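Alright, here's a single protein chain in two forms, structure 1 and structure 2, each given by itself as structure tokens.
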Structure 1
Amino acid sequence: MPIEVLIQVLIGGVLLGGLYALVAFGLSLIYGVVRILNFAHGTLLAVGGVAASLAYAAWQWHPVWLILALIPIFVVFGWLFYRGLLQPLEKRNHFESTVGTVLVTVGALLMLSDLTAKLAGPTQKNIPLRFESFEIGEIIISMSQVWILAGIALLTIAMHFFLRRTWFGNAIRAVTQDSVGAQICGVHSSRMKAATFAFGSAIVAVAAVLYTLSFPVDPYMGFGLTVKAFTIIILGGIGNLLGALLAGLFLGVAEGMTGLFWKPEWAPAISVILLLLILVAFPNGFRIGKRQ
């Protein structure tokens, strides 16, 4: 096999893995603070990607403007979704609360997927924005790939400093470690949980536009993305941005290599296989780096 083909697949895998990591960032924060497995998390990317592609087709908005338009919508949705449907379940006992959150988030996944398919159609969509490419030998690299990877890196660094240096970030980490202690120190735990849910949803808005610039989206792809995000946070660690980024890159490259050396149709299943292997081989957890 020519080395150029291998490098080309590696570049695509790194790009895909970086986008997976962005999705996992939000899910990791939400679970770390709210302790809810949000099965509708990946569906938000699918819905956001479809919305971004329709907005681009109608008005030719630049991706930056699409991101800025989606973020407040996703923030409001995340806040209301938690306040209206998930927070009331905290008054139930542990079993009822756990089962209830699963039913609510899975129900939201189904409803959002069907509603998006009804309004926009079930076909795949993307943002057909063309960037210049440059060649290194027989390797072709699109400037869109360069800009997206640079954006993912900058966003990761920005979120790291945001979570480490701001009051909001310190409050998130305080609620994660001890919600009762944080409440005693003046942090309103229920508001912080709602704000974290909204913040995690906003990260998905960014990921949705970046994903749709490189890959097609459809209303029913969300659950697969959620499974990949679960795999990433189990491998990288809850609340660990660097670990999630490395785990996402590993998963993206693994999918690319699976499609190259085996069969492309097995590439989406690699996340489930990795998830099972991690749970069996490391029942007490496996972490990369330090938690934020």
Structure 2
Amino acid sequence: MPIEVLIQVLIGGVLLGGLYALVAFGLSLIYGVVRILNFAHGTLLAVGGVAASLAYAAWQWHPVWLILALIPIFVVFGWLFYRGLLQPLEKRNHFESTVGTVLVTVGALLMLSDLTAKLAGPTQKNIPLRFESFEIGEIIISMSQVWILAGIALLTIAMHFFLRRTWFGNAIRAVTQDSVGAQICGVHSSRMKAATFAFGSAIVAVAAVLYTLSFPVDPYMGFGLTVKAFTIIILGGIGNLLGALLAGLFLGVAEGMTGLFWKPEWAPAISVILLLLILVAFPNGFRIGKRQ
């Protein structure tokens, strides 16, 4: 096995894993603060991807513009979704709020994919933007991959900075660790949750465009992505951004390696198998970094 092949597969795995991590970022933040299982998370990404591909097909906007256009729409949607549907459930007892959020997010999943299929067509779409590749010896890296990886890295750094240095970010981390304590310190809990939901949705918008640049989307693929995202946030730890990134990368590379050393048809299963094995060994998830 020449080393170049290994490196090539590694690069592919890193890109795939980075995208998975991106999907998981928003979910991790939202779950850390709001503590609900949002089944519609992946579907929101699918909808964003479909919208982005249609916008590109119609007006040829550069992906950066697509992202900038999509973010405000998603922020507003996320905020309204939380305020209107999920926040009233927080006042109920634990059982009812859990059941209520499951039903609301499952209903939202069904509605979003059906409406998107109706309005945009059910068939698969992508953003077919191609940049050239360059070679380093036997290893080929495409510029698209570089751009997307750069985008992911930039987003991670920006979010890291945001979470550590701004008041909002610190408030998010505070609420994730201790909701009551944060309230005592002046964090308005329900406004915080709505804002986090909106912010998490903004991340989904970015993830949607970057995802659709690499892989095709259709209105029904969302739930599969949600399952992957859940897998990553368990491995990476709730609210732990670096953990989600590393977990995502780990899973992406694992899939690539499975395809190389074993058989490609088992690659998507490897995430789940690893998840189950790791959960047995570490029932509380990894503690990556010094957090928590």
Partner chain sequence: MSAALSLRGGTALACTGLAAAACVPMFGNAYATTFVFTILIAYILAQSWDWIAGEMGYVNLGHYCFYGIGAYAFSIALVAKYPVLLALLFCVAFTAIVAMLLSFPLFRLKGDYFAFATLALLPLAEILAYNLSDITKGGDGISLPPQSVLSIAYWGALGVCVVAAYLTVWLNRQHFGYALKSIRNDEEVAEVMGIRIFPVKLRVTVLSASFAALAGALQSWQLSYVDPPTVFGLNVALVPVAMALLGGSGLLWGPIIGVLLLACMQQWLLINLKTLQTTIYGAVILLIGRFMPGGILRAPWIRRLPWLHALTREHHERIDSSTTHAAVQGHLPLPKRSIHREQPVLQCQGLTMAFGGNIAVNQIDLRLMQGEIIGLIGANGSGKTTLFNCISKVYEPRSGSLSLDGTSLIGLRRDEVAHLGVGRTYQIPRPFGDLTVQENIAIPLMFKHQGLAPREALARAREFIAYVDLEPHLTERADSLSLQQKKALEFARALASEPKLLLVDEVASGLTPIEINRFVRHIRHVRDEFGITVIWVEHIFSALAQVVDRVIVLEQGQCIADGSLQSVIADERVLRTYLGSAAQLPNAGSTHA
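For clarity, a rigid core is taken as the largest C-alpha set superposing within 1.5 Å between two forms. Just so you know, these numbers come straight off a predicted model, no measurement behind them. Counting starts at 1 and follows the sequence of structure 1.
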Identity of the form predicted in complex with the partner chain, given as 1 or 2
2
Would you say Gly18 moves between structure 1 and structure 2, meaning its CA shifts by 2 Å or more once the core is fitted?
no
Answer yes if the CA of Val99 moves 2 Å or more between structure 1 and structure 2 after aligning the rigid core, and no otherwise.
no
Threshold 2 Å Cα movement between structure 1 and structure 2 for Asp114, core superposed:
no
Distance the CA of Val272 travels between structure 1 and structure 2 [rigid core superposed, Å]:
3.6
